[in-house]
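First, one chain by itself in structure tokens, the form predicted alone.
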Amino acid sequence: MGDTVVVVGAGLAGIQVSHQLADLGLKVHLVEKEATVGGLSAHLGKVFPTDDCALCLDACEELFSGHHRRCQYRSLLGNQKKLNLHTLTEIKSIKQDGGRFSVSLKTTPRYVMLDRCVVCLECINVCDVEVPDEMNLGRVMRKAIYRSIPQGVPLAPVIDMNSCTKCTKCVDVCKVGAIDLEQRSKTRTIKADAVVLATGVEERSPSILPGYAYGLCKDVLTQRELARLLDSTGATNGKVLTASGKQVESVTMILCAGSRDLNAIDYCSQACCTYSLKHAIMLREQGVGVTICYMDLRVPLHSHSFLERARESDVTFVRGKPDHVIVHEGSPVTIVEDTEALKRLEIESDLVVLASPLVPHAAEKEVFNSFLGDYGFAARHDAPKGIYACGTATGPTDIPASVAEANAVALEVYMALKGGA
């Protein structure tokens, strides 16, 4: 009868299953390769189906004029005594010995000590090095010592050593001695009784898809990139602008861009229709005209309100998958056959936004290969005993389904470890 669980991935599903397991009295090690938790949802300003803010509660109070939106549990991670969070940490190996696992971890230096930092941010203020902010499409600059997400967890900054000049200004200004520019990577091995894969998904880059002009025109974006423009903490403070800084007046969205296509990804990513509709509604609230090109709309019943609201807000729907996107006088033009009106359209717009396929993070990790099934997603039923998976690690889905599956897996793990006690 063991009581230690390693959860891989601190997206919404990983956070949820970790909290549930810790509440049930198990010791949990939550491992996240990024500097802050949240996964793909951390890039969003709002999440469906409830329109909750994707940041933590403190940021919501500050940014949304006192509207208390439900936190996605990130702000609670430091309050669970049985929950240990390991950021900037990757799994190097998982070895099974009898009924237990030896999980080898490698932690990359943060160069800011979490147990000392008081988040005064003076280190960021004195830093002279500025580089394009990847989180916000490179449209704003960030310092070499920075926080990628406002109110992210952990709150402490991280130093980008690829940009840092080691001028030591941040070291000198830190009154609590929290910065160590000589930190080195560390490895450790955790003995665990169960491992939960919650490795999540990411957008597949449309740059490998022919015909969409992604990478050729800066005003052809993905839905995640559009989310950064719509986020009030993003590069444009929630105002949707072109790469040249012009106020956007029209947007064309292309659903299934590379999905359900034998030449690219032949499965449906499931959540794309709903978050595209969410973004269309947010654009209409700013007075931006929106056209959605689609093959068919696959919106789950619990999110049908987004489809109704999109129609009520005069979003234009064109049934047809665009042939390609061309660039005319610097602006994208979408070529599509309207299969209902039986005519070819050339839709001019300030932005074209692609609903790119959602692909698994775990597919790139050799350490997980023996646990993966179709398309590189974690196998639901064929995994070895003691290995579990939840959320989008098992396949593309939306937030409600991910959280529900995380709750179910937490109970399954608990019953397996403690059910006979």
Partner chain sequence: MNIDSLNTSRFLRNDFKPRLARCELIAVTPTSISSDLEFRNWILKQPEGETLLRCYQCGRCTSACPIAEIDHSFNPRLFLEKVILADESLAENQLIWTCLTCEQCEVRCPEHVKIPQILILAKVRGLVSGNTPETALDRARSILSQGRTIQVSEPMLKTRDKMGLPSLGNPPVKQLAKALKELGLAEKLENIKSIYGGDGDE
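Positions refer to the first chain, counted from 1. Quick caveat: nothing in here was measured; it's all calculated off a predicted structure.
A second form of this protein, the form predicted in complex with the partner chain, is not displayed here; the remarks below concern that form.
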Just to confirm, with a 4.5 Å cut-off on non-hydrogen atoms, which of R204, R260, K218, R110 contacts the partner chain in the model of the complex? R260
By the heavy atom within 4.5 Å rule, which residue out of E348, D180, D323, E249 makes contact with the partner chain in the model of the complex? D323
Taking 4.5 angstroms as the heavy atom distance cut-off, pick the stretch from 192 to 200, 219 to 227, 135 to 143, 312 to 320 that is near the partner chain in the model of the complex. 312 to 320
Quick one: G211, V336 and E340 and the partner chain in the model of the complex, is every residue within 4.5 Å by at least one heavy atom? yes
Looking at the partner-bound form in the model of the complex, is A243 within 4.5 Å of the partner chain by any heavy atom? no
Report yes if any heavy atom of M295 sits within 4.5 Å of a heavy atom of the partner chain in the model of the complex; otherwise report no. yes
Taking any heavy atom pair closer than or equal to 4.5 Å as contact, tell me whether K106 reaches the partner chain in the model of the complex. no
Proximity of K92 to the partner chain in the model of the complex, heavy atoms at 4.5 Å: no
